[in-house]
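Quick heads-up: it's one chain on its own, the form predicted alone, in structure tokens.
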Amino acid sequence: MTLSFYELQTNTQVEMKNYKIAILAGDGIGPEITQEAIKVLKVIEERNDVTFELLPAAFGACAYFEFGDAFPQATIDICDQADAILKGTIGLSHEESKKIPIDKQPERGALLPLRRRYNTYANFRPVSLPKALAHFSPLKPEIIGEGIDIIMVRELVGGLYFGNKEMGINEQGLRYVKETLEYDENQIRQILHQAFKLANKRKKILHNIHKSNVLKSSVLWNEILDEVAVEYPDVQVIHQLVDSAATNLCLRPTQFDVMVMENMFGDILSDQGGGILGSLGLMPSACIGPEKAYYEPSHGSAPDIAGKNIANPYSMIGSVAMMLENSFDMAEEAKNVWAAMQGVFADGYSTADLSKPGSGVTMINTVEFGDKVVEKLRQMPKV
């Protein structure tokens, strides 16, 4: 059978892909930096055969004050139908947080339930500082060398944060608290596989961060790691105690490539990674489960600068880049987003939350930074 010209044209057209993204702008600076991330998504649509259906939903303290729940059912329904979730910052100042019951505060009432619902057990946090951006770091140039490129892999749905919690008065009449650190071997095994696979794609070096000289949870962790390591013979495993790792992140950060650790260690060391970069504002993250992932900045909601248009949206736009690569199979376009953001810095621009007047950079605001990223992205060759 001979196809007509019209049929040939139809058969050779690239199929338009459509994705639903739940947009949880959150609290504090969350809405401001989320708007800049949405600008980037619009340009991605222009440059590719893809459309994004953006589904805004309330999440965090703003949701509690409007609906009496930091993760209301309406938001759950939107997240359930989304292909991926883009989450802004959540939380309030210490004093403002007191207006919300402890168990309904954003971290306990929204963030942990989000992780639990979608079993987003694998948290990837890049600590990336190209040499051109070394001026942001408090570390000496000789320590940074040619740049820092670390990915911290953190187990996200187990350990102390998700164990049983108890508060009360003991038999002696003293207030007490009890929190349980609990892992089973399947939880440990699945995150270790993620870390080994990533290390296998990169420099084939995996730093295993633990505290087995004190914690039996780390003893089990290391036993499972030895079993998993057999499946990845090309990956060199380097064991390091968490306190030693914290020291070496400051003294010799370039030794690290992929680091894997349990939940609380990952929370603390990844924030230290932000300190190495000069700001948590330079750290996006991906939280990936078996069927769904959410993407978020690693930093907090910064209520002290909310509404001032000075927060840098790098971490939020970087989270979009991670979403493009991990959820939508758009790795090359993700690289373009990274290059566009870093290009704005390389051109000598910064925002007031990252740099001080007199630091030799041209100060721009949140919206202007997003506009410059979009401008650079539009100039890049289409993939």
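From 1 onward, residues are counted along the sequence shown. Model, not experiment: these values are computed from the prediction.
As for the form predicted together with 3-isopropylmalic acid, it is not shown, yet the points below apply to it.
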By the heavy atom within 4.5 Å rule, which residue out of Tyr118, Phe256, Phe136, Tyr161 makes contact with 3-isopropylmalic acid in the model of the complex? Tyr161
Could you tell me which one of Ile310, Ile144, Leu111, Leu277 places a heavy atom within 4.5 Å of 3-isopropylmalic acid in the model of the complex? Leu111
Even though 3-isopropylmalic acid is not shown here, does Glu296 get within 4.5 Å of it in the model of the complex, heavy atoms only? yes
Is there a heavy atom of Glu179 no more than 4.5 Å from a heavy atom of 3-isopropylmalic acid in the model of the complex? no
Going by a heavy atom distance of 4.5 Å, is Asp243 a contact of 3-isopropylmalic acid in the model of the complex? no
Can you check whether Asp267 is within 4.5 Å of 3-isopropylmalic acid in the model of the complex, heavy atom basis? yes
In the model of the complex, which of 187-195, 72-80, 153-161, 215-223 comes within 4.5 Å of 3-isopropylmalic acid (heavy atoms)? 153-161
